[in-house]
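Just the one chain here, laid out as structure tokens, in the form predicted on its own.
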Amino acid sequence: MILIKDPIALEGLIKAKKAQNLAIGFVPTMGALHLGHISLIEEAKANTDFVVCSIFVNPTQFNSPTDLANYPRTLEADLLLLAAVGCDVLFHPEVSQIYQSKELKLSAADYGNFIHVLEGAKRPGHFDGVITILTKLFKITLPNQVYFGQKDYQQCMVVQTLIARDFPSIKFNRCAIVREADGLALSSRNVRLTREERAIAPQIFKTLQYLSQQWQKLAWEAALNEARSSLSKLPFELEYLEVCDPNTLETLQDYSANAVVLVAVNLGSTRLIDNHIL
């Protein structure tokens, strides 16, 4: 595996690979890699010829300077994981190599109503930072296919919209959530959970499973209120738990053949999100 920090050097390598008619797979990450990330690399390797992973803790998508400072950084361990899975290139630039001083973020405000709810409402400007960094990374890596995890369901919708608008030659792949044996969705933030918090964190997915069962029984309205009450009790602090249209994220009032339930909670000092297709 090659480690590249210079965007110009990576662009040159990618163009050389494309001249050989090789298909480029790209997996953008912020590091602190886990088996969920590795599953994306494996998907990319199965479907493309040359796989690039980026590790870049993007400052423009953080609302809190403290959250940015505390985001886990585990580069040495990440390198070992990527090498073991056969990733071809790790792109790990410095902030100064990506952003100019006082550079303005792009805006996702006109992407549709879905941009303003759930994560968009709780983390203003977050998705602006996402499309800003991805626009830069897509131009550098020139991928044929990109791979994102379903755990960030709303972000997947944002990326799909960005690609449809500005990068129509890129194929978007949304990959399944990878979970621990007890159901907790893998996340880089899980390392910040205390032992006690980690023991109760699987309750999040159990709640989603319960709602799925009640959805099939057409008894979900009361179950949703019950679930909200349960996840609002300490040590959980519920930000949202909503059943939505999977394409618009409009809150559903009645049963639909297709739906997704999305949740965000704070558990101690750690914010966790999850979702489940109904």
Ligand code: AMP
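A quick note: this is a predicted structure, and the numbers were derived from the prediction, not measured. For every residue, the number given is its place in the sequence shown, counted from 1.
Here the subject shifts to the form predicted in complex with this ligand, a form of this protein not shown in this document.
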{"property": "Residue (of Y99, F167, Y71, F114) lying close to this ligand in the predicted bound form, criterion heavy atoms within 4.5 Å", "result": "Y71"}
{"property": "Single option in I177, L142, L193, L106 placed near this ligand in the predicted bound form, where near means a heavy atom within 4.5 Å", "result": "I177"}
{"property": "Answer range among 223-231, 210-218, 32-40, 236-244 for contact with this ligand, defined in the predicted bound form as heavy atoms within 4.5 Å", "result": "32-40"}
{"property": "Contact test in the predicted bound form: D152 vs this ligand, heavy atoms, 4.5 Å", "result": "yes"}
{"property": "4.5 angstroms heavy atom contact with this ligand in the predicted bound form for L186", "result": "yes"}
{"property": "Proximity of F148 to this ligand in the predicted bound form, heavy atoms at 4.5 Å", "result": "yes"}
